[in-house]
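Only one chain is shown below, in C-alpha cells, and it's the form predicted alone.
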C-alpha cells in the first residue's frame, strides 16, 4: 500500500481549473476589454497610467495570456501538461501512458515535453504550457526551486510532482520508496555474502539518486560494514563516466565483489563492463530493464511501478480540479525486489 503523508493547507484562495480571464482583469482595472488586450499584446494606444493599472491587475490576479486561444477561437478543450525528464528513457513510457489514460478518461488532452534534466528548460516548458492555459501540470522536476509556479498555482493551475518532490514550495508529490528499495537491494547482496559492494548512481543533486545512496549506506551500516569512499560514485549517467567508475572499483587492490546500480541507464553500462570481466561479479540494479530475464545470469532488480506513479499523480491532479482536495500530500509507492540470478551470485573471493 502507498504511504501517504498529509501536509499543510494549499495556497490561500486557490481554485483549480478556474483561471482569471481578461474580463476579470478589465473589471479590476476599471477599463474595457480592448484596453486589456492592447496591454497584454503590447499594442499602442494606452496611456501610461492606464497601462500601470492593467499591469497591477494582471499581477494581482495572476493572469496569463491564453496563447492557445489566439490560434483556436472556437472554444477550449480541457488539457493538462506533462513535463518529463527524458522522453527517450524507457522508465517514462509507462508513466506517460498512464497519465494520458487518466486524462482521456476525464475528457482531457495531454501535452508533454522533455526538460532534458535542465532546470531552465523545465521552467521554460512549464510556463509555456501554462501560457497555453492547461488546466493542470504533472511535473517530473529537474530543478530544486519551483517558486516560479506559485503564481500559476494561485491562478488555478492544478499541479502534482512525480518521481521527485518540488523544491521550495509545498505541493502534491508521488514518489517511489527510493530509500527502502535501495536498502533492500543492497541488503540482498549482503545476505549472499558480499561485503565489498560498490554503488554507482546519478547526479547527487537529484532526489532519487540521493535517496538511493542513503539506502545503500543504511544497509551497509545495518550490517556493520564500513563503507570505503572508493566504493561510491555519483555523476552523470553517460556510458563513459559509468564505465570508468565500474572499472576503477573492479581493478582496485581489494575490488568490489558486487555492484548496486542507481538506475536503468547505469545498469546497462555496468552489464557491458561485467561481461568483459574474467570473474563473476554480483549485480542488483534499481529500475527494471528490457530483456533483463534473458541475460545470463538474469539481472536482479529493484523494480518501481512507473505506470502506478503516473496514474496516481494524474488521479491526484483531477481530484484537485474536482475540488475534492485541500492539503498537499506526499504519496510514496512501494518497490519490489525481483530476483533473477545476478544478485544471488556469491563473492568470487
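Just so it is clear, the model here is predicted, and its values are computed rather than measured. Positions refer to the first chain, counted from 1.
Quick note: we don't show the form predicted together with another copy of the chain, though the next part is all about it.
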- Task: Please state whether all three residues 97, 272 and 275 have a non-hydrogen atom within 4.5 angstroms of another copy of the chain in the predicted bound form.
- Result: yes
- Query: Is there any non-hydrogen atom of residue 296 lying within 4.5 Å of another copy of the chain in the predicted bound form?
  - Reply: yes
- in the predicted bound form, residue 228 touching another copy of the chain (heavy atom, 4.5 Å): no
- Exercise: residue 188 in contact with another copy of the chain in the predicted bound form, heavy atom 4.5 Å: no
- Query: Is there a heavy atom of residue 252 lying 4.5 Å or less from a heavy atom of another copy of the chain in the predicted bound form?
  - Reply: no
- another copy of the chain: the contacting residue among 203, 128, 223, 169 in the predicted bound form [heavy atom, 4.5 Å]: 128
- Of 46, 58, 289, 31, which one comes within 4.5 Å of another copy of the chain in the predicted bound form, counting heavy atoms only? 289
- With a 4.5 Å heavy atom cut-off to another copy of the chain in the predicted bound form, the contacting stretch among 208 to 216, 264 to 272, 172 to 180, 157 to 165 is 264 to 272
- Of 91 to 130, which residues get within 4.5 Å of another copy of the chain in the predicted bound form if you count heavy atoms? 93, 94, 96, 97, 100, 104, 108, 109, 110, 111, 112, 113, 114, 116, 121, 124, 125, 128, 129
